[in-house]
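Okay, so here's just one chain, in structure tokens, the form predicted on its own.
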């Protein structure tokens, strides 16, 4: 089957081919060094890789649910940040059939979760290069004793992708860390009658040929690898527009015959959140309800996945708040996970406060009333540890930290901070130190002691 590449990747590849240094395969720099096998994240040291930044991923995926077989090609446009003799990609997917760099076959070694590629000629610093990896087989989910099941997860009628924190490696070669965001184009080919969706927006109409249907999805805004999703199976799909945003929701009919208000509530929540947090950072919204079996929801970019049941309004608020806090402003390291979950949980408190439910203060008070011996106070959310990335303290104590900050600096400055945090770090990564610095700038107050007590100290902090 002949497939047409989206205009975005065509233009990017064209720019690569016009770069003289990239075209000259014999001009490798003599001082080239191997790229690092990880970015040194304190919790996931081998996640991500050094020596390059990815610009764009072009993923061509052909999947057959009945056999769970995937035939795929990943084209990765990147730019070297140093002279490279070889480089790594994170990958733990099906067997590889070929690898090339700048159109030339390249030797490679695939061991564990690392794909080590040695281009025929060393890569020059600041020059773009194109990697193409083809592979085929049955992708498997990652089953971590502490973090659970994630990555490419086969379902009864297809598959769903929920990759937090480092599960993108289960289904495509990737620089699998939030510090290297990129744009994406994803072509999905499935048997006729099967629905396939992905992050971002559809490009044109799906095309059926030879008993298989191909659709293309494009994410033009920077996207962290763990936030890219694919959902394949039987779905009832609804599409509409709310102001300037495309809204696409999909429901597995085995879960429900109706959407339970998901489509309209997602639009309503997004409009409300934009009033508090600033302009929505992406081009579409929506949600996917699928019978996945992992037992959690994930804020996959533009289109969260909800497992097994229709989501409550509170859960929709949580996952859509992540589009600002976690997806657009992403954690600089996985130790900063509270910046995702604390903000999204506090968004739930704000929704309740503004829609006739408990105030944020009432929720804070109820949690703070727990005794000093409660397990909640044992784990500081600012550094929970790798195996406790998703412990309850990250969510509830994270939200309490924000409420303590609100109480300390006042509502006007606090709500200014929410918008400035989302705006100043839009489509970037950030740390707790960045938030502290901005909060002190906005408030004119010294806040080190508050952050230390609520984020880094075991035991119940004193009320502000």
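Numbering follows the first chain given and starts at 1. All values reported here derive from a predicted model rather than from experimental measurement.
There is also a form predicted in complex with tryptophan (TRP); it is not shown, and the following applies to it.
Undergrad: Only one of 174 to 182, 247 to 255, 114 to 122, 291 to 299 has heavy atoms within 4.5 Å of tryptophan (TRP) in the model of the complex; I'd like to know which.
TA: So the stretch in question is 291 to 299.
Undergrad: Exactly one residue in 237, 203, 147, 362 has a non-hydrogen atom within 4.5 Å of tryptophan (TRP) in the model of the complex; which is it?
TA: It is 147.
Undergrad: At 4.5 Å between heavy atoms, is residue 425 in contact with tryptophan (TRP) in the model of the complex?
TA: Taking the distances in the model of the complex, the answer for residue 425 is no, it never comes within 4.5 Å of tryptophan (TRP).
Undergrad: Can you tell me if residue 421 lies within 4.5 angstroms of tryptophan (TRP) in the model of the complex, counting non-hydrogen atoms only?
TA: No - in the model of the complex, heavy atoms of residue 421 and tryptophan (TRP) never come within 4.5 Å of each other.
Undergrad: Tell me, yes or no, whether residue 414 is in contact with tryptophan (TRP) in the model of the complex, where a contact means a heavy atom of each within 4.5 Å.
TA: Because no heavy atom of residue 414 falls inside 4.5 Å of tryptophan (TRP) in the model of the complex, the answer is no.
Undergrad: For residue 341, is any heavy atom within 4.5 Å of tryptophan (TRP) in the model of the complex, or not?
TA: Residue 341 belongs to the contact set for tryptophan (TRP).
Undergrad: Taking tryptophan (TRP) in the model of the complex, would 164, 319 and 322 all count as contacting it (heavy atom within 4.5 Å)?
TA: Result yes, every residue of the spot touches tryptophan (TRP).
Undergrad: Along 383 to 419, which positions have a non-hydrogen atom within 4.5 Å of tryptophan (TRP) in the model of the complex?
TA: Residues within 4.5 Å: 390, 395.
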